[in-house]
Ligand code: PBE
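For reference, the chain that follows is the form predicted on its own, supplied as structure tokens.
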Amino acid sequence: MVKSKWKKIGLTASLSLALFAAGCGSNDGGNEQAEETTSSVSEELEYTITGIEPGAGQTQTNDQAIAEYESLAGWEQETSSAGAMLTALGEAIDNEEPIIVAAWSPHYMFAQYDIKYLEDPKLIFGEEEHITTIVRNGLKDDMPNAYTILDSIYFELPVLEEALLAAKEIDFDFETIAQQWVDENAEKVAEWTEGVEPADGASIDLVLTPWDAEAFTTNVTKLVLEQQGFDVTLTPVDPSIMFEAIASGDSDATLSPWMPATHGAYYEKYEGQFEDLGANVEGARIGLAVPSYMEIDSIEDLEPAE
């Protein structure tokens, strides 16, 4: 009986060892296959990132990523324009081909296509940002109803990007698309304006930067305020002027600052001279993106050019 018992233990141990060895062999094969996949994808991409305008801030950040990631050693960035990048992205997706593009959110590309950001372990592209609402000091006392509305307005990122896609389809007529959105989202507008009394023609000035997301959110805000009896003026400005206008009291509010990184220096310069009401959009970011059918998830999944 003892002999039989040890014989069984020996057989079990042999079988376990064989399975362990087979498992190790399988893992090695999987690793080799993964390496072949990433190497193949990198080769298919011709070690090239499809970028946007040569002078864009993100173009410089892409170059920094190429310089700092070993996986991007020897890669190049092809620059042209945002429009050309989007055309290339659409063509690649139509043909289910690999492509890596410069991307940013909010943008309609994420509503139009099934794409994903590549993870950025080195944080070359920074962390997620939010778009905040700032108002001039004293607005709460001077126009409490406008203050309440501005403090309430908030957009979920996918909702905003769907609106931007709709705007694209009518040649970025933001006044029209904002009106359509307000008409179709009466319940949301009612939440923002709950308890607000009519303003009877009080004037309010909103400054905005010439970016699509901000053009949409500010036009929606204009309509909501006008529904409550405000006389609203929209003033497009550069980011540096935006903060100065609010700090000096020349303008009343803006929904355009990207924080904490993009406009952080301007924010710090004028901090204390305005009131921050918090995010009106969260999840803003820049980075490198690929179609979701590509089997890579991180910049480090790529292979350097030989």
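The first residue of the sequence shown is number 1, and the count goes up from there. Just so we're clear, the structure is a prediction, and the values are computed from it rather than from any experiment. What we label the rigid core is the largest C-alpha set whose atoms superpose within 1.5 Å from one form to the other.
Missing here is the form predicted together with the ligand; even so, the following discussion is about that form.
I'd like to know if Ile286 sits close to the ligand in the model of the complex, meaning any non-hydrogen atom pair within 4.5 angstroms.
Close contact exists here: in the model of the complex, Ile286 approaches the ligand to within 4.5 Å, heavy atoms only.
Is Gly278 close enough to the ligand in the model of the complex to count, meaning some heavy atom within 4.5 Å?
Answer no; every heavy atom of Gly278 is more than 4.5 Å from the ligand in the model of the complex.
Is there a heavy atom of Trp211 lying 4.5 Å or less from a heavy atom of the ligand in the model of the complex?
So Trp211 counts as contacting the ligand.
Does the 4.5 Å heavy atom contact test between Ile66 and the ligand in the model of the complex come out positive?
No, no contact at 4.5 Å.
Where does the ligand sit in the model of the complex: which of 247-255, 41-49, 262-270, 66-74, heavy atoms within 4.5 Å?
Stretch 262-270 is the one.
Going by heavy atom distances of 4.5 angstroms or less, which of Tyr147, Tyr113, Tyr154, Trp104 would be at the interface with the ligand in the model of the complex?
If I apply the 4.5 Å criterion carefully, the residue I get is Trp104.
Could you list which residues of 237-254 come within 4.5 Å of the ligand in the model of the complex, counting heavy atoms only?
Residue within 4.5 Å: Pro239 only.
Quick check: Glu53 between the shown form and the other one - does its CA shift reach 2 Å or more after fitting the rigid core?
Moves: yes, 2 Å or greater.
Would you say whether Trp104 is displaced between the shown form and the other one, judging by a C-alpha shift of 2 Å or more on the superposed rigid core?
Yes, the C-alpha position differs by at least 2 Å between the shown form and the other one.
At a change of 3 Å or more, would you call the C-alpha separation of Tyr117 and Glu156 in the model of the complex closer or farther than in the form supplied?
Farther apart, by at least 3 Å.
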